[in-house]
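Read the single chain below, which is given as structure tokens and is the form predicted on its own.
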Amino acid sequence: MKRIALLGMPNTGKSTFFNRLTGASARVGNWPGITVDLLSAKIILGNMVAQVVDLPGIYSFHGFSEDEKVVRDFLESNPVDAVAIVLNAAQLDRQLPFALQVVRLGLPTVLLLNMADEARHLGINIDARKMSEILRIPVILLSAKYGSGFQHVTQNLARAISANVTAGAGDVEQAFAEDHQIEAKAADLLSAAVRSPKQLPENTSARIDRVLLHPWLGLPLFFLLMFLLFQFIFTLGKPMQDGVAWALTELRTLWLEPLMAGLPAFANGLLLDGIYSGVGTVAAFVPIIILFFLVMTLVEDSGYLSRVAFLMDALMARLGLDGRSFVMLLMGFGCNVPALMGTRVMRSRDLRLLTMLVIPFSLCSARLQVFLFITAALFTVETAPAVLFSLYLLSFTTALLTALAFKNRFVSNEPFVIELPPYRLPTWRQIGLRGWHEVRHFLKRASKFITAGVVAVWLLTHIPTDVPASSSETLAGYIAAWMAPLLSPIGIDAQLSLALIFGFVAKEIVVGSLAAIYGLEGDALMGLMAQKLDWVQAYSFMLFTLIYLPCLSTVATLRTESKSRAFMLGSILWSLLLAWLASFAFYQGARLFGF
């Protein structure tokens, strides 16, 4: 099979190009010679099948960041038949030197000038034919966002992989040699093939930045925007969640219960009260999760997060971090795992470790499912968004306190440099693909972790079979009794403690576990939780869930990215201690004041 390496600088639209080219059919795989996962996908080019590998965005082959090392290691350890370079057409003056480094590999190469529409809007005129003649490689103007130019892309990639030239380690090492003439070559190429206005016109981004990057208004506007987004998500998503819960209840009542009526009681309970109730309760919140990611797609792809990193850099520097660390925290809202992997752009190991220490406190989408369930059960539609927003604020607070506590242990002097891309709106296609990705991600986890966890919880609460289900005489009862001295001071009862244990595997299991324990789902389960818990117990439980152990995937990524078992174990112990202290202070303080 032919292999195409996709290279480019950060913020050139490389991921958008990859998704457009492959139809978002990417998979994650580990590659020989490197210890991290890369995205890859198979596509058909002409009469051949080719594998496209999306390598991390880097600025140069001569750098020392983890991402740059990953790219070098991949090219040295894996045969590559062609290279596709993605550049931002509006920033060729800064990005062409990197392209010339790649050309020196001697591989069949296709140069892709993305965001050509933005370059034209700025008055930048690029003679792709002239540039192609000088470089002796295909040069294509395109827009990955809107799909223009892709016919030429696939044609030229097909020709490139037909050249039967494959890089060896020796070729790569020679290409990585320092070339002091490369800047001069890039300047000559720009002079021959690119015409730019002497002064670029002030664009919409500059006018918006006067407000959003205001020294005094910038941060308050950010937190106000986040609150309004949560209000929008919960207000619009709650009816959708109720509709899915109703449909699942009707499916069980009208179809599944009559169909399984003839099964033995144990099997009937396992299938309906265990698996169906558990997975179904989690599935009911998928519409809100999808809505959350659709909204976050708008925020992320707009370019606003780079501005937030700039605004937060001064504060983060006082904590031993920088603005990029704050961006990683925001990325952790989706999932902690890619946020941890994103720290590879930091050259300082101490800065990476301190950032990795705080990322697991980000309120990820899996925790969000738990909080949506609890807030819907215990709080009104008017107060629920405020409760949810407070948990996000506490997520930031615990992360920043952790950085403050350990900043003298992990000291870094790496300067902070970040690019502020122009504001953009994602296309409906991009938004739809993001939503589908989250649905697929949920289905994959539901078929593995969530189902397995729900089955395990149901068995623990129903074995031995000759005692009342979920009683103190079951296996679950013994486990809960053992944990009671530790968790009862923070208001967490036996059933909640069991759900927390399995939440270590995947936080989505927490809600499914409660459904399996009580044999209820949807509104019935919410009603029971509202009877069993008051708002103080509920908030203490959510606070503990927010801070305590991250999921198993996050822990594994901590180990891999830090390359230190001691660091991983230290992170786990710190999160457990902080979770207990925070919940204890809140629960006992609230009771002390009569709540």
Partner chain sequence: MESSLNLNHLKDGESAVIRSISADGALYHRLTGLGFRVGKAIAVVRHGRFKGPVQVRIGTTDIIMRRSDAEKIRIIATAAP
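Numbering follows the first chain given and starts at 1. Just so it is clear, the model here is predicted, and its values are computed rather than measured.
There is another form of the same protein, the form predicted together with its partner chain; it is not shown, and what comes next is about it.
- Using a 4.5 angstroms threshold between heavy atoms, Ala579 stays clear of its partner chain in the predicted complex.
- When contacts are judged by a 4.5 Å heavy atom cut-off, Phe416 counts as touching its partner chain in the predicted complex.
- Although the partner is absent here, Ile288 sits far enough away that none of its heavy atoms falls within 4.5 Å of its partner chain in the predicted complex.
- By the criterion of a heavy atom within 4.5 Å, Ile431 is excluded from the residues contacting its partner chain in the predicted complex.
- Each of Arg94, Asp209 and Ala317 is positioned with at least one heavy atom within 4.5 Å of its partner chain in the predicted complex.
- With the partner left out here, its partner chain still marks one of 212-220, 364-372, 269-277, 379-387 in the predicted complex; by a 4.5 Å heavy atom cut-off that stretch is 212-220.
- A heavy atom within 4.5 Å of its partner chain in the predicted complex is found for exactly one of Leu460, Leu487, Leu353, Ala90: Ala90.
- This chain is drawn without its partner chain; in the predicted complex, the residue among Gln51, Thr560, Ser553, Ser60 with a heavy atom within 4.5 Å of it is Ser60.
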